[in-house]
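To begin, one chain is listed below as structure tokens, in the form predicted on its own.
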Amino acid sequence: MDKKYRLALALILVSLWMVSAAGFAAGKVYIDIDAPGFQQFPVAILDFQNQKAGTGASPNDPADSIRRYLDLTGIFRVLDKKSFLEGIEPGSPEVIRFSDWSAIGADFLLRGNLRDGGNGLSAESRLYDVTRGQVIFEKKYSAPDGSPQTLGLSIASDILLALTGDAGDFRTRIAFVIKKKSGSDIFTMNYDASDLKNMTNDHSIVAAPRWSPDGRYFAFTSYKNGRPMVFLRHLKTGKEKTIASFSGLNLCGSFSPDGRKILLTLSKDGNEEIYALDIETMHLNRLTNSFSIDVSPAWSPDGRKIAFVSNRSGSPQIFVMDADGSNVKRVTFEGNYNTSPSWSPRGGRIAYEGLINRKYQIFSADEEGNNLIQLTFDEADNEYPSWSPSGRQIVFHSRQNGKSRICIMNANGMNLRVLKESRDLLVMPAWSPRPGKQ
């Protein structure tokens, strides 16, 4: 479908638990993944030694899960076990020959022990700085559910935290819309594409899934009652209420950083304008007042500014305004079609989609529109970028040759991976906050 027609249509319709630990080494950050010329850091992960004598390798070894999770980050180059010069024999003393690990190019080394008992799994892991020959951290873990994935997830998170100062996005989920001939619904899946679940099951037109920053609410636009309305669901209780059902378009935008307000695009006054709704009081505040079409609002992480799309300059472009609607400023000037702004939770950059060479690609720029970077370059149409909570990765929709994909890449455009692929249309991905805030 022609993109301009799709925009017009969119404007009318939508748009381990861990136990006891020795602390990390003085909170030191070992690697700077934001440095220019960043290259993946090589890490060696040994299979965990089973502490039950005579049992050999355990099918519950978390090492493979740790390797897989670290590989997903795009930060590490997990070394092949076949390259290892040193191993661990059951019952042997743990003497580390760091020169052997340096010889195969490892910067970091993870070793661990595993106990598989009646009360689930427990493990102890140690992460080493190979160059310095020092322990970075040593921790004990427990998985009462007996799952090696639970252990692997916790250990991988701690490795990332110890080395970069951030625990990463492992425990997050991604919402997206699946459009079929029978209708559309919102689904969610884990960061590693596992555990696909229905968020809606209405087989209607749905759009713009949005998570609240505190993890309490989920908002979206749906036609399940015959016309576009914005719904708000409490994720813990499952209770749902209608928060926007005005005449005309009711389109969901992003939540404020404190979770108290949500941005909306409404046409109730005759033209698509941007409003802020107080969720508690239901007070509605109009932010834009223009003869143009204003859509796709996204709050900055500090709550002071809002990015949005407007055709007030003649074609869809990204604008930024203060949170009260003042000081409107255009920030995209390259290309004649730029939309779907998403503000990095780390601040400073806005990702968006733009038309170039008849294809839609993902770009990012600072909030002044400077330091423009093109992130995707393939022959697909790449759209709807959404940042991860860490601000290190971006999820987006990609479509080519009749196939639709939900993809993730690092914030610099590297390490692209496909989460889900289908002949059905997969669109509008939205990254959840980290859990534990409800």
Partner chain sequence: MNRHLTVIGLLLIFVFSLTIFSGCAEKQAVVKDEAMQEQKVAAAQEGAPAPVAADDDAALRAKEAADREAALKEQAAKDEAARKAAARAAWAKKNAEALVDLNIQNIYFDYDKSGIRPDAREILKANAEIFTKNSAAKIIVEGHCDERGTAEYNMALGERRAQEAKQYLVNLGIDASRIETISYGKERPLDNRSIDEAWAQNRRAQFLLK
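It should be emphasised that the depicted structure is a prediction, and the values quoted were computed from it without experimental measurement. Residue numbers count along the first chain shown, from 1.
Same protein, other form: the form predicted together with the partner chain, not shown, and the subject of what follows.
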The partner chain: the contacting residue among 360, 191, 211, 319 in the predicted bound form [heavy atom, 4.5 Å]: 360
Heavy atom within 4.5 Å of the partner chain in the predicted bound form - residue from 131, 113, 315, 245: 315
Site check 293, 311 and 355: each within 4.5 Å of the partner chain in the predicted bound form by heavy atom: yes
Heavy atom of residue 272 within 4.5 Å of the partner chain in the predicted bound form: yes
Close approach of residue 226 to the partner chain in the predicted bound form, 4.5 Å, heavy atom: yes
Any non-hydrogen atom of residue 340 within 4.5 angstroms of the partner chain in the predicted bound form: yes
4.5 Å heavy atom contact, residue 68 and the partner chain in the predicted bound form: no
Contact stretch among 235-243, 211-219, 249-257, 120-128 - heavy atom within 4.5 Å of the partner chain in the predicted bound form: 249-257
Residues of 394-411 having any heavy atom within 4.5 Å of the partner chain in the predicted bound form, listed in sequence order: 399
